[in-house]
Each structure stands twice: as structure tokens, then as C-alpha cells.
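To begin, one chain is listed below as C-alpha cells, in the form predicted on its own.
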């Protein structure tokens, strides 16, 4: 299979750059000085919302992938946990661009968050002070150094016992830190079973998502992916659905039974950092004899064109920082 966007970025990365400047509430500070109180509400209660956004070098210019969509989700996450952001979408967009430019990292990975920085004893903070932080880091090199499974080109996954949070108990469409405890436990369970990644089911036993990725399967030329009832609305998920439609491939957003994973002709996960991540094994069952399928290849190739600036149709997804 032609190398995916993440695999291509990993190659040739230099030394890890952990210094640099972090944008915090309108001012840049050295990363070493970007700190919050260890007893802050968001650290103690998990009330931190965040986004991870990837950039690509296109002919010497830095392009942020689907910045508007990420900011929309960031703002929506704040609303779902009743957090009042002190900045508009346009102000956040300019802050992202400034942060990318001042740090001058090739293919930077943007990490942004909003949190309650003050110590609070109440579970609902009476102090509505919110701190927004934006950093541009060489996270890809960091993942390579620590031999993260996220640099693997193909995956072996395990359907695990840890169930996905129910929307009646938590705002599953918010990218908020507290929601990721179940994902962490799911990943541990998958690792213990010798797999690279976990697949979580919802309360009814249908496929929900992986620990930090959306799930897609292909059967008889048709793509199926779980609907948004239980899952985070992934930006890459949204992109795949649109690209597949433009390629004439039918996509169904519906309930996906666990058994369909084992019957699939192809299977892949999607996430911001890895785009399309082929799965070659579920539990003990090889998918497509352990080979990446044709539709996954087509989608991967199309994404490579997009992030290389070769697809004019999708220029709308690229925001150049200068």
C-alpha cells in the first residue's frame, strides 16, 4: 500500500523539539513556563476540552487540515460542558496561525485546550475563568521516539469488554478529558491481549469506536460506519465519508453489529494524526488474508493527494498560516 499521511510524516523527522512558544490567553510564553496549578479544577475534575490538529508542508507553506471543522468542534465541546470560551472562532483561528508561525516546525501538530485554571472545591466551578492554550509541537517525532503503535502502518485490533460511554451519562460528542478514562482502560485491555488497538461496543453491543479513532468496514463494495449516537464526530471520519461519496463509493452511517467486523472485506480506523489506518486482524480473524484492500488503498491515495495540495477540489480543507 502506498504510504499513508502519518507514515510519510514520520520518515525524516529530526530531533524532537520540546521547547518553543505556547499561546495562552492572547500572550506567548515559553513552553517551560506554560503551567497550571496541580489542584486546578480541570486537572482534578477532568473539565478540560481539547483538539488535536495536524498541519502539512505543501510546497514550502504550512497548511492546517480542516481548521474550521476542528474549531467548530472545540466550540461545541465547550458548549456541551457549559464552558464559556473567552474567544470567538475567528480569534482562535488567528491564534492558531500565529502559534504555528512563531514555532516554525515542519508539519507541526497543534494541541489546543481550554480549562478552568483555578483551584475549586465545588464539582461545578463557581469561578468561570477559562484559560485557552495553543501549542505547535513536533509530536510525530515524539511518537516515533517512544515507538507508539500509532506509527504502525497496519493494525491488529481486539474487541474488548470496556463499553463506550452512554450519551445519557456523559456528553460523548464533547472532546473533554473526563470522557477518555474508558478509552484508556480499553487500550490497556487491548494491549494485554497482544493487540495494537481496542474496539469498544456501545451499551446495546453494537460497534462504537476505537480508543481514539472512528471505525469503518467495507463489505461487498459498500462502506459502513457507526452513526453518531454514541461517538465523537471525527473530522477525518467526516472527510472519508465525503471523499468516498465523490469516488462513487456508497457509505452507510448506521448501527454496526460486532459480527460484521469479522465478516468484513476490509476494515480501517480514522483519526486526525493517522488519517486512514488499515486493520488487518480483529481478535483472531484475519481481514482480507492480512492484506490492505482495494477501497482502503483508493481512499488513502486520495488523501495523499489532498495533503500534498494536488487535489484542487479539496483546497477548501487547507488553511495556510501565511
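Numbering follows the first chain given and starts at 1. Treat the numbers as computed from the prediction; the structure is a model and nothing was measured.
As for the form predicted in complex with a small molecule, it is not shown, yet the points below apply to it.
- Among 160, 235, 132, 165, the residue placing a heavy atom within 4.5 Å of the small molecule in the predicted bound form is 235.
- Between the small molecule and the residues 195, 217, 100, 212, the one pair within 4.5 Å by heavy atoms in the predicted bound form involves 212.
- At least one heavy atom of residue 70 is located within 4.5 Å of the small molecule in the predicted bound form.
- Residue contact with the small molecule in the predicted bound form: residue 115 places no heavy atom within 4.5 Å of it.
- Taking non-hydrogen atoms only, residue 156 never approaches the small molecule to within 4.5 angstroms in the predicted bound form.
- In the predicted bound form, at least one heavy atom of residue 180 sits within 4.5 Å of the small molecule.
- Residues with any non-hydrogen atom within 4.5 angstroms of the small molecule in the predicted bound form fall in just one of 247-255, 117-125, 83-91, 226-234: 226-234.
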